[in-house]
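Okay, here we've got a single chain as C-alpha cells, the form predicted on its own, with questions on binding and movement later.
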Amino acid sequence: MDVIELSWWQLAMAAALVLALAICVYWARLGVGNSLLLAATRTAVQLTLVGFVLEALFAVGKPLWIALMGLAMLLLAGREVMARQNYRLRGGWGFAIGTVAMFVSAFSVTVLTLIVVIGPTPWYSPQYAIPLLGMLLGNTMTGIALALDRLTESVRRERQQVEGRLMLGQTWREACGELRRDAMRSGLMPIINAMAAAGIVSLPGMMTGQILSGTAPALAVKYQILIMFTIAAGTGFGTFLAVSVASRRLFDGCERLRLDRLTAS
C-alpha cells in the first residue's frame, strides 16, 4: 500500500489547530500561550532538521556518525532532565546524574535489543538504532526528570521529618527511604499507564506510524510490544540509578541532610 505524501500546506492546516488553541489559551488567561506556540515552533523546526540529518545518516551509515548522533541526543536529554526540575543539585551533579543514568540504562537496553532481539546487519544500522535510542531516551528522560523533581521537592518539604529520623539514629537510607520509593514510583507511572492503556485507550505512536506506512498490523504490533517493554526497562533502571545517586548526594559523609546542595532552576 502506497503512503499518502503530505505537503507543507497540509501541515499548515494542522498548525492552524495549534494556533486556534493558543488563541483560546490567551483568552482564558492561562499564561501558557507563548509556551505553546514556542513548543509547536520548536517541534516543526527540530523535526525538520532531524529529518535532513537522518537522511544523510542513513545514506552514510558509518558507526562514528551514528555514535555522534547518539551522543548529541544524550547530552540534549541530560539538559532537559536538569531543566525540568524545580530544584536541582548544584554544580555538575544536576546534569551528570540524569545524563549518566540515561547512558547506563537507555544505551545498554538499546544495544542489547539491537544485538540480541532484532539483529539487523550491521547491528548498528541507523534505520533501527536511531529510532530505538530516540524512543528510549525520550521516555527515560521523562521518568528520570519526574523522579528527581519529586525527590528534591519531597526532601525539602519533609526536611524536619528526615532530620528527626537522623537524630533518632536512622541511617540516611532509612531516613529518606519512603521519599526515595515515592520518587521512583513517580518516574515509573507514565510508562506503566502507557502500557496499561496501549491498544485499548490509545494506539501507540510507533505502531500507528508503521501501519500508516503500510506495514502489516500484526508486525507493527510485535514491534510496538518490543518498544514498550524496552522503554519500561530503560526507564525503570534509569530512574532507580538516578534516584539512588541523587539521594546519596543530599547527605554528606556524616549523614547530615544537605539542602544547601540544591539550587532553584
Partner chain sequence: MGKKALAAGKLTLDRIKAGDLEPVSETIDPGEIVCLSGPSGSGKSRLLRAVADLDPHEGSVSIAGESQQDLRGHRWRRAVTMVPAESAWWFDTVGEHLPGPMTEALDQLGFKAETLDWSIDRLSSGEKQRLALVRALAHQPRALLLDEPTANLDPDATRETEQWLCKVIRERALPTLWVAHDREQIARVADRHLHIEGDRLVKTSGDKD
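Residue numbers count along the first chain shown, from 1. Remember, it's a predicted structure, so these values are computed and weren't measured experimentally.
Keep in mind the form predicted together with the partner chain is missing from the figure; the text below concerns it.
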(message) Even though the partner isn't displayed, in the predicted bound form is residue 90 close enough to the partner chain, meaning a heavy atom within 4.5 Å?
(response) no
(request) Spell out, yes or no, whether the shortest heavy atom distance between residue 96 and the partner chain in the predicted bound form is within 4.5 Å. (result) no
(request) Decide whether residue 142 counts as a contact residue for the partner chain in the predicted bound form under a heavy atom distance cut-off of 4.5 Å. (result) no
(request) Verify the contact flag for residue 14: yes if a non-hydrogen atom of it lies within 4.5 Å of a non-hydrogen atom of the partner chain in the predicted bound form, no if not. (result) no
(request) Please determine, with the chain shown alone, which of 190-198, 112-120, 132-140, 161-169 has non-hydrogen atoms within 4.5 Å of the partner chain in the predicted bound form. (result) 161-169
